[in-house]
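What follows is a single chain, given as structure tokens, in the form predicted alone.
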């Protein structure tokens, strides 16, 4: 009787496996090279104003996947990327998530730069049981999203921490009255809250708050308003196009009256330096970063990474030519963290992968040694200690400012 039952269930299992595009092979996966690939979706701006950020994230994923596949993949399964372009549009992002969810070979989605898109996608992500990896979008509520269980894991800035860091940097440079110039989105509002709370704690004043919309062609009114209110520095939260408008507006002011700018990192995700041209040299601009290929925190790890990057992207001959460094580095580490989690889970079930991500003890990453990267209570892998200020050189490369 037991033998008959065993044979019956074995036949059922074989039918079920054959009917699925991708299926677990129990507790021990086969290492057959013909196994279906495990696919990661990339949902980012690949063609609009922040396309450089999308391409940077894509390249970081490619380098990580090249390493993983060269070493046998994940239990014999090769990793692949499926790319969808949301162009900064939340509705298009939701459509992309639904497409990914329909493809049962996709177990996780890598997001892009835009917090508003990520926020719009969260419900669909959780309804469809996908892991969501965040290499850039910094809005606090992207991770603190109210979903239980929470499928979002971030290697990036968290605005709650970024606001405090940027405010400290302003205070350290003896600025006393902060003029906030923020994009009119959830990302801007997240930073208004974070900077305002930090200013109270640190003892600096918010001189005024102004807003800039996507696609704005001028920021003259906002800049003038902040100056009239006595701001001695502009705290900028904007992406490349709108950030360029702000910098050009400041550059047009008489040199003696030009306000310095301390910016969030959105300006590094597009064609900012090409847009501002020589005006870059007229304004005292610094901005948040977490990683530099020019001055890496872990030189030996960066050397190995860059050797492979040059092989895959031969037009890049120097580290300072790497697009949007933070997006590249964060995406690279996230793919490896996901790979480790799947191996540890010995499963493609989302609940098991989520638990495995929360229980990685240590990972020797490019950005840092994560010890641990995540926990059940903490899905943000970076904190304020990982942040630094940086500046653009005239050729568009990004270099850290010595602490």
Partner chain sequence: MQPNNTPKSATARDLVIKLVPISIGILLLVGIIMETVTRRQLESDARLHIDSAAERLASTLEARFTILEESLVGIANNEIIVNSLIDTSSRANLALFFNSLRAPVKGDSYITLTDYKGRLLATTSPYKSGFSASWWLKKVLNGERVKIFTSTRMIIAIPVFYNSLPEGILVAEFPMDTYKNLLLVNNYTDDYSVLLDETVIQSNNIDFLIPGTTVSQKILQNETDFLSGWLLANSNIESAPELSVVVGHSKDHAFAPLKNIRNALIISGFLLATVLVLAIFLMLKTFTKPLAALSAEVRNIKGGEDLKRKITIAGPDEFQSLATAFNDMNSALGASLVEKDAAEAANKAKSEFLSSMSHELRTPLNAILGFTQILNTDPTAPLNDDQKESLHQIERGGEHLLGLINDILDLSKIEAGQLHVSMEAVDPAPVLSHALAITRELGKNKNISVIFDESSSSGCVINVDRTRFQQVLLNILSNAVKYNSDNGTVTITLNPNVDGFVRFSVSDSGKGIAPELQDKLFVPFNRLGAEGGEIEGTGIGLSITRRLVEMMDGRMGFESTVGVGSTFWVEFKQDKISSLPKHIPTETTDQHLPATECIKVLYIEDNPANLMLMKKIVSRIENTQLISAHTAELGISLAQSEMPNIILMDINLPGMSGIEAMKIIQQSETLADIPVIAVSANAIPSDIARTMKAGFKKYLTKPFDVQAAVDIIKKYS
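For clarity, every value in this text was computed on a predicted model and none was experimentally measured. Numbering follows the first chain given and starts at 1.
The discussion below concerns the form predicted in complex with its partner chain, not included here.
Option from 253 to 261, 152 to 160, 297 to 305, 235 to 243 whose residues, in the predicted complex, bring a heavy atom within 4.5 Å of its partner chain: Stretch 235 to 243 is the one.
In the predicted complex, residue 313 touching its partner chain (heavy atom, 4.5 Å): The answer is no: residue 313 has no heavy atom within 4.5 Å of its partner chain.
Partner proximity in the predicted complex: residue 200 to its partner chain, non-hydrogen atom cutoff 4.5 Å: Contact with its partner chain, no.
Contact label in the predicted complex: residue 49 to its partner chain, heavy atom within 4.5 Å: Close contact exists here: in the predicted complex, residue 49 approaches its partner chain to within 4.5 Å, heavy atoms only.
4.5 Å heavy atom contact, residue 215 and its partner chain in the predicted complex: Contact check for residue 215: yes, within 4.5 Å of its partner chain in the predicted complex.
Partner-contacting position among 279, 173, 225, 184 - heavy atom within 4.5 Å of its partner chain in the predicted complex: Contact with its partner chain in the predicted complex is made by 184 alone.
Heavy atom within 4.5 Å of its partner chain in the predicted complex - the one residue of 73, 88, 249, 270 that qualifies: None of the other options qualify; the answer is 88.
Within 4.5 Å of its partner chain in the predicted complex: residues from 90 to 124 (heavy atom criterion): 90, 91, 92, 95, 116, in sequence order.
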